Structure formats: C-alpha cells, structure tokens
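In structure tokens, one chain follows: the form predicted on its own.
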C-alpha cells in the first residue's frame, strides 16, 4: 500500500493542473484497488455543492456539469457526516439516489471517503463495483489513507488553479491561512523570489524580451562551461581517464543539440530563461530518477548539479536588473534578511513566506520595518504568485489571492482605518500611561534591530523590556566578537538611558538556528535551546555578558534576562558565570555595579517555581508566547493547530496570576514581554493581575496605551473577577469584548478575525 501511495502522490505532485491531478488520482486508485469505477467530487465553495470533477468508469461528459447538494445521495451522506461509507448493496441505503445519465446503474457496491484538509471538507473520493460484495478492511484502510494523504495535495492544486483565475467572483474569495508575522494589511503585487539556485522553485513567467533572455541564458552557459573546464584541468592528474571523461559528458549536456537546445527553444517560444531551464532540467532529472539501472539513476544528480550552476548565474543577473512594482508584496519559500534588503523600503508593502514562524528573524525584521507579514503559508502556490494581486492580512495570518474588486475595496477601507487610527493615537505618544483612577503602568518595548529603537522612542516607550540579542547573531555568518557585541549593546543602552534596557542572553534553538551553529533535533522546542545552549557553551555566554557589562559603563540602565530557565540549578550556574564576568570587567577598570538579573518564565516548571526563582534574583519576566505553547501543548508556529493556540485560555490566565502573586510575595517586580502584552483585549486582565510593566512591539504600543488610559483599575478588577469561573477562551474573550464595547473602545482592538473577509465578501466580526 505504501509503495502504491507513494507512486500516486508523486504522479499527482508532477501534474500541471488540478484537472490533470484529479484524472491521475481516479486512474491510479481504480487500478490499485482493481475496481470498476473511481470518481472524485470536489466542493464548490461558492455554491456549497459537490461537483463531479473526475471519473474512471462513469460518464465523462458529466464532468464539471453535474453536482450534488451537500446532503444529497450517498456522496452527500459521506460529505455531510465526514466519514467513510462501505456498502455491498447501495440501493438499500436510505440516502441512495440514482442519477440518470451518470452511468452508475450497474454498480451496486459503493465505498466513499471524505477528503478533508485541516478540518475543511474538500470533497469525496468514491469507488464502485458491479460485483456485489463489501470492500475489505484493507481496502477501507487504503481508501481512507489515500484520501487523507491526497487532501493536502488537492488543496494546494486547487489553490494553484485559483491563482490562474483572473476574473474572481464576489462570493469566491481565495485565501490561504498561515501564521501572523507582522501586523497590518498590505495590498500590492506579488513578486516571487526564488531560493538561491533551486530548480524546483522557479515560477513560469512570460519573457518580456526574448532576445535578452536568450542572451542571459547563453552567457550563463558560457560561465558554467568555463567553470567545468577549470575544474577538469585542475583534476587532470588526480582522476582516472574514465572519471575525467565525465567532464566532457557534462559539457556535451549543455550543447545546443541536447538540453541546452531544449532550453533555448522554450525561451524562443516565450518562456523566461530561468523558467525554461527549470522545466527542461526537472523533466530530465525525473526521467533519470525513474530508470531501473542504478548508474543511470545517479546521472540525475549530475543533471541537477549542472542546472543548478546555470540557474545560479541567471539569478545573479536577474537580481541586478530586477524591477520592483510600486507596491511590492515579497513572496518566497523562505524569506531571508538579504531578500528583504533588496526591495526598496518605499516599495515594500507586504511579506509572505511558505516557511518560517512569527518569531523567525524575517518576521522580527518585518515588524521592525512596520511591514505586514504572513509566515508559514504552507498551502500557498508561491511560485505562481508572480504579478498576481495579493492582500496580506498580518493580523490574522491570511493571504488573499486575486480578490474581487468589492473585497479589495473593503480591505482598502481597513488600511485607511489603520492609518486614521495611527494618526489619532499619535497624540498619546508622550502622554503617561495612567488609568482613569491614576494607576501608572509603564509600557516597554521589545527590540531586536536598530529600526525598533527609533519607532519605540517615537511611540513613547518608557524602556526596553526585551532586547533579543540573538537577532544580531542571526544576521551574521559567524559569532560576533565581544567588541562587536559591546558596540551593539551600547547603542541600545544609550538610546534609552536612563530608562531600563532588559537584554536577554542568547536564545537560540527551537525555530531559531544560527546558520553557522546549526541545531538539528526531532523536537527542537523541547530540546537544546535558550540557557541550555549557553550553559553547555559557557564561552558564548561569558563573551556576551562581558560585552553587556562593558557597554553599560557610565549608563547604569542594563538589566540581564535569562531565557528558558526550568530549575534552580540552571539559574545558580548562570548567576555564577555572570558574577565571574563582573569581577573580570572590574579588574579591567570598569566601575558599574552588578546589574539586576531576571528570569524568563516560559515553561510550566518555572511557573510552579516562580517563588523560589524570585527569591534568587531581582525580577521576573513572563514570556507568554512560549508559556502558552507549553501549557497548551500547541506548536505556535504550526498553522494546522493555530486555532488551538489561545492566549486567553483559562489555564494560561491562571498561570499568569500565580506568577504575579509569587513575584510580589518576595517583593520582586514582574513584567510580561510576549505577544499577549501587546494585545489590547488582554491588557485589562494583565492590569488587574498586577503586572508591573508590559513590554510589546512598538507598533502595538499606541493601541494598548489607549485602552489603559480609558479604563479604571476597578473596571479591570471587576473583569478579572468575572472570568474566574469561566472554562473556555471564547467565554473569556466575550467578557473582555463586553467591557470594551461598554466603554466604546472596540475600534482600538484588532482581534482575531477582525480584519478578515468572509466568503460572502463582508467584514467578519471580531
């Protein structure tokens, strides 16, 4: 079964279109199960009907023209219930319905399985047979497995087909769900940036100048030929004549009479050079990979290598002459810092990445630049988004493709609302954050790059609650020296002096891996990360802390924060290293006293040990992103379980209250520096819990300040008391929304779903 399934999925992945993919599925499944009929019905989202989309064995003339209601017939029964149906006598089932002209009169045996992708019903896969029998358990298992495995492939192919549609209907909104990376709404033209020399990720594109594309291709070929000849000459005395002869074979592959000629022909037909190269090379790579003889199969590696070399030179030239639209939305399989830097800042209005997380360095850079971003959009047909109109909803992690003009007007209205709101809130920038009854709560910011500092100061931040030191490590190709770190840290400390600046020691691992210090683990979030890495490599921690202490000289506003502490032993070991660093820098003539040291509360064990930890250090800081992830056992970077990541979950709120109580019982302050601190819906609860500071991205600060300056401590405390008996995040959210509506503050909250456009083209409720 596994081999058959592998073959089917590979064939479907190679299909050029959704109809081709569906035809492959029905043909291969019918053959694998030795049945008379195999059919696929897909749900049309605009009509909510099941459309007859592909068949082997029934009337092909009905494909595309016949459909069923969601609960009509046996197929509707499978779709509406979302479960398999296996019948030896289909006519005896109460939902049986014979459709004239479909050609299924003689097929009494029926089995159908729902095709479901991330809780979304895509359609139904059906097999039928004339011989009356019940399909076996093994056949049931096979059909369920095929349906489950093909669901993602079909979803991707379905979306790829939607991208080609240039005449969208008002009620047929195409959207892909990812992970929010940077807040805001961006409307513009998709520009796809291929991964460096990846033949499999090159989009098809019409050449604007065929002669120029042909010239670029031949220039790249010439450079690769030169490379091969140099290598061949260098290795002439090192290889046997037989092995050395392979270089001649490589050169022949690039000749006009072989693959080089095929590429040139495609370019002359109108394809751009990179697309033509990719298509020809992939075709021949797959041809070699399917060969039975191992020697010939291995030649696929040679063809891939040659194609990659040519593509690399083509990409170098393309970068030098690329044109960026006035409103560019950058799309890539994985956004890099260098790709962000290539786009002129005034042209960049959005970022979309197939991979990555809300805490990847690309997302952090996007937030620092104030550019809306969606990460982890796994179902996005990214290579086909070139020159398509896109909307990036960075609030909710959604990408809308070719939106209808009516939907586009609604999105533009949201953009205009955001701009107007920003102008209104700017009047609060340098107003103290005091509640209506005079309670002051300092608003700090999270920073990682220089751009963050300027925006934070403009928005009236009172300090830095989290400086992510790892960002400067992520943007380098080596570990920064102690002096390089000192200069970076000095810049942050000086910009905010005398206000406090909280610097977190290096926090890598999880989804943050340094290119020059890779960490590869099966379960990285439960593995080697945060303080565990730097305690195992004290030389990294010692250099970093010394740099912090030296940067703090004559400023005195440094606070050091330790990430991922799970027990007292780790804290004591880290404190010993920090004290050692302080003695060392004092011996070099530095005079600043020992700085405050704090612990991040990010894991459940730290919640229960909050009191003990507080007794050993100067302050606590809750990292709500990781704490929520670990408490709910939900990977916050996985779009499939994004709906389960609920920051207002009663368990999360109970943990936060416990930490505040534990810190205050030992006379220590406690801040919160995760995304929850910047959520306007959450801040009344955080205020009532007693957090001493809230630290957030600079972009969120104005909205949070508006909420806090418009409520009283009594309002917040009443709200917190009212949720103590609630069991779900939805119930908690409803209570918060009731308070905000009663105070006419709802328009300052951009909550989950608030910026979305529903299938009917209207704005959804928050």
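Positions refer to the first chain, counted from 1. In this text the structure is predicted, and so the values were computed from the model without any measurement. Between two forms, the rigid core is the largest collection of C-alphas that superpose within 1.5 Å.
What comes next is about the form predicted together with phosphoenolpyruvate, which does not appear here.
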Sole residue of 182, 624, 278, 671 within 4.5 Å of phosphoenolpyruvate in the predicted bound form, by heavy atom: 624
213, 393, 679, 602: which sits within 4.5 Å of phosphoenolpyruvate in the predicted bound form by any heavy atom? 602
Although the partner isn't part of this model, could you tell me whether residue 648 comes within 4.5 Å of phosphoenolpyruvate in the predicted bound form, counting any heavy atom of the residue? no
With the cut-off set at 4.5 Å between non-hydrogen atoms, does residue 364 touch phosphoenolpyruvate in the predicted bound form? yes
Would you check, heavy atoms only and a 4.5 Å threshold, whether residue 452 touches phosphoenolpyruvate in the predicted bound form? no
Check whether residue 468 has any heavy atom within 4.5 Å of a heavy atom of phosphoenolpyruvate in the predicted bound form, and answer yes or no. yes
If contact means any heavy atom within 4.5 Å, which of 662-670, 625-633, 137-145, 609-617 contacts phosphoenolpyruvate in the predicted bound form? 625-633
Heavy atom within 4.5 Å of phosphoenolpyruvate in the predicted bound form: which residues of 518-549 meet that condition, in order? 529
With both forms fitted on the core, give yes or no for whether the Cα of residue 367 moves by 2 angstroms or more between the shown form and the other one. yes
